[in-house]
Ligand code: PA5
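Okay, so here's just one chain, in structure tokens, the form predicted on its own.
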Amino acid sequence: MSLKVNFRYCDKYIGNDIAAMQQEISAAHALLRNGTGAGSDYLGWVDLPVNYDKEEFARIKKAADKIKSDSEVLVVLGIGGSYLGARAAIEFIKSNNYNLIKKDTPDIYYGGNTLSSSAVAELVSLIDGRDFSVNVISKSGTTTETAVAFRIFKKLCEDRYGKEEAAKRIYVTTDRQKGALKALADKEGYETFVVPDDVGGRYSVLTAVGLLPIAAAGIDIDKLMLGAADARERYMNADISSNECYKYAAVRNILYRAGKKIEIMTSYEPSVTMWNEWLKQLFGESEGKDGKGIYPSSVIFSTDLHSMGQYIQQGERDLFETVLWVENPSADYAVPFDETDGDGLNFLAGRSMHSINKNAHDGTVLAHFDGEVPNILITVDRQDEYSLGEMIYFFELACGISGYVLGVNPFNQPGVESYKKNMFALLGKPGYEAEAEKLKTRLD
């Protein structure tokens, strides 16, 4: 296993509480493993790394090969968990500059996650004159942001290639049997992949939701699933003294009860930025309900030490950090010697950038710990498929257990519907007329 967790820099905040948490963790473990807790209809992700649809998995790889052979660009349309997991994985393994680097795979652009007309226009311009395919991801097919974008890119694809050829370039990931998008896909003959009924969006990265774009980027999804499967096997035991995943869930709740209400997801690699965004959705949407929940935030160091460092060091003492460190970078550089030494940095000459980054990491951990900010340190060997599979399963499992310990349903998101109802009413959607009048009065 690549993933390791170090709780040394939050021990003084934990004390003897960790042993006292065993009963709560065991209860959460039973709810999750027996499927008797709230949201049990959405536990398909628990055994997904070993029980996934092998026939569909093969079709995903075949479709990805076709996209790589006939498209310069893949446009991925989806919002929230429908695109965050794929984007996080691609940038984690390939680069946060994926579309700029030399490669033999298509550029991947993301749409359907905003209602900004400027963003849509820019995306349209980016594919102008380039062969492209579209992967639209929506269980219902009626999510406003994604459905509007799909209308636009479906028309562009048909105008460019004609309906028959366009149908071969549009890939639909949606409900197995029902919904507007499924009906359209069946009518037009699009190849379809399944959003499983028992896997919620933010837990869906290891389904076709995430795997098709990930595979199209040239990433080995077999190794990704292997990492997740090994993590699943490793974290079966409810004993927090030997299960680092469960201990992480326990420590988060101990810190929360001690007044540490904000968790900062921290890394020292810019390519982890979107991974942090995926984590923010995973934990924020899972735990933020019933007036409870740790607020997830994120930073990339050392960059953000020059913007957020002051607050983290000396601001409100209501936060803790979960720090991801990559032991072996994909590349490294040595600092050159400069005869003038005008910047006074010749003491670093010959040192590798990664070793300097490690010293920045260690110095920051100690400074923040001294500043009353607990640090949980997570280390992976390298940014590869296996390590990412481990990480995905580790955090999904920790989130589910942590949510049950917190006393919420970690698998629903009722609060997300509130803005949608208001938006539909203001847009004039049929059936919302009475509510529209009330809202307009409030806005006047």
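Don't overthink the numbering: it's just position in the shown sequence, from 1. Bear in mind the structure is a predicted one, so any value in this text is a computation, not a measurement.
A second form of this protein, the form predicted in complex with 5-phosphoarabinonic acid, is not displayed here; the remarks below concern that form.
*Asks:* Give a yes or no on whether every one of R252, T322 and G403 sits within 4.5 angstroms of 5-phosphoarabinonic acid in the predicted bound form by heavy atom.
*Replies:* Checking in the predicted bound form: none of R252, T322 and G403 is within 4.5 Å of 5-phosphoarabinonic acid.
*Asks:* Just to confirm, with a 4.5 Å cut-off on non-hydrogen atoms, which of S271, T364, Q281, S298 contacts 5-phosphoarabinonic acid in the predicted bound form?
*Replies:* If I apply the 4.5 Å criterion carefully, the residue I get is Q281.
*Asks:* State the residue from G201, G227, P374, P106 whose non-hydrogen atoms include one within 4.5 Å of 5-phosphoarabinonic acid in the predicted bound form.
*Replies:* Checked against the cut-off, the match is G201.
*Asks:* In the predicted bound form, which of the stretches 186-194, 75-83, 339-347, 308-316 has residues with heavy atoms within 4.5 Å of 5-phosphoarabinonic acid?
*Replies:* Among the listed stretches, the partner-contacting one is 75-83.
*Asks:* Mark Q413 yes when one of its heavy atoms lies within 4.5 Å of a heavy atom of 5-phosphoarabinonic acid in the predicted bound form, and no otherwise.
*Replies:* So Q413 counts as contacting 5-phosphoarabinonic acid.
*Asks:* At the 4.5 Å heavy atom threshold, is K139 in contact with 5-phosphoarabinonic acid in the predicted bound form?
*Replies:* Close contact exists here: in the predicted bound form, K139 approaches 5-phosphoarabinonic acid to within 4.5 Å, heavy atoms only.
*Asks:* Is E263 close to 5-phosphoarabinonic acid in the predicted bound form, meaning a heavy atom pair under 4.5 Å apart or at it?
*Replies:* Because no heavy atom of E263 falls inside 4.5 Å of 5-phosphoarabinonic acid in the predicted bound form, the answer is no.
*Asks:* Just to confirm, T143 within 4.5 Å of 5-phosphoarabinonic acid in the predicted bound form by heavy atoms?
*Replies:* T143 belongs to the contact set for 5-phosphoarabinonic acid.
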